[in-house]
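Only one chain comes next, encoded as structure tokens, the form predicted alone.
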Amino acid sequence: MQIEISNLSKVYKENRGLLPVSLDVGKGELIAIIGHNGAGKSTLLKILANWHLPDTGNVLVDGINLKNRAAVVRKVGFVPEVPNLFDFFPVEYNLKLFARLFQVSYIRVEEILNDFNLLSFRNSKIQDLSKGLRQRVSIGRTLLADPPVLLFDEPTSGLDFEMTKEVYIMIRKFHSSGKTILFTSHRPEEIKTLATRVIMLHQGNVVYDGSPEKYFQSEIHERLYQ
């Protein structure tokens, strides 16, 4: 397994978060993490991205313990719902800052600018970009180190129809290249369009783990969403 999650938990003061969860994720899977607000979806991704420390449990990525932050940073890429970019600096400067962090060549920055159609925006400040363009920069930043595992937290939240389609195309492209992808979503059409596996969290627990087709026909879907 590419990702091994064992007894992982993170509980906040308001008793919301992630209760002990154990999961295995195989290489090349495209998994939708779903559930109501507060179910633990974003918490799970942020722990896998090393943004949050768990209360209990361990995670192995390609056999490397998540606690080895220096090694895992090149294994896991995270695209948060709100891009973690420096708004007052230009696109190119943002990418170069993260390139230094990931210890990759500035040549890779040029590749990202080209691959994500950002060449004409290289000198534009992040704060001056549309939400769709900020999301494109955020995804490009995540791909700088070419990590084998990608995490997307609500990747199309607030995007218009055209940019949503663009994100879908990018995710499918990353998946077809062999990357393992986990994404959170509230959108049924997004889950049906992208996911090969659905993991549903409810009050911090896994209550469904299986195919999208069976999920939408299941009693758990009807009980919680109908």
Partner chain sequence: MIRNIITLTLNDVAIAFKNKTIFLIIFIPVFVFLSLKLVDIGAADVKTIHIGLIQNEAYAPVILRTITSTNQIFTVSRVSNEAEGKKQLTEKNIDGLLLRSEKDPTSVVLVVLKKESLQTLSIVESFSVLQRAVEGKSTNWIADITPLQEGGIQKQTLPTWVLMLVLLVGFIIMPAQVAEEKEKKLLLALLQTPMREIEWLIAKLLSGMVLIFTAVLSLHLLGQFNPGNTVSYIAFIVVGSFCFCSYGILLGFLCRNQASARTLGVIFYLPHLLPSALSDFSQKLTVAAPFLPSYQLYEPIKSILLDNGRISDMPLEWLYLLAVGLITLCFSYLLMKKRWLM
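Residue numbers count along the first chain shown, from 1. On a predicted model such as this, the values are computed, not experimentally measured, just so you know.
In what follows, reference is made to the form predicted together with the partner chain, a form of this protein that is not presented.
Proximity to the partner chain in the predicted bound form, taken as a non-hydrogen atom within 4.5 angstroms, holds for one residue of His175, Arg187, Arg197, His52, which is His52. Of the candidate stretches 160-168, 25-33, 175-183, 66-74, only 66-74 has residues with heavy atoms within 4.5 Å of the partner chain in the predicted bound form. Although the partner is absent here, Phe98 sits close enough that one of its heavy atoms falls within 4.5 Å of the partner chain in the predicted bound form. The partner chain in the predicted bound form is approached by Leu85, whose closest heavy atom lies within 4.5 angstroms of it.
Although the partner is absent from this view, Arg141 contacts the partner chain in the predicted bound form, with a non-hydrogen atom inside 4.5 angstroms. Interface residue remark: Tyr93 is not counted as part of the site for the partner chain in the predicted bound form, having no heavy atom within 4.5 Å. Along 158-178, a non-hydrogen atom within 4.5 Å of the partner chain in the predicted bound form is carried by no residue at all.
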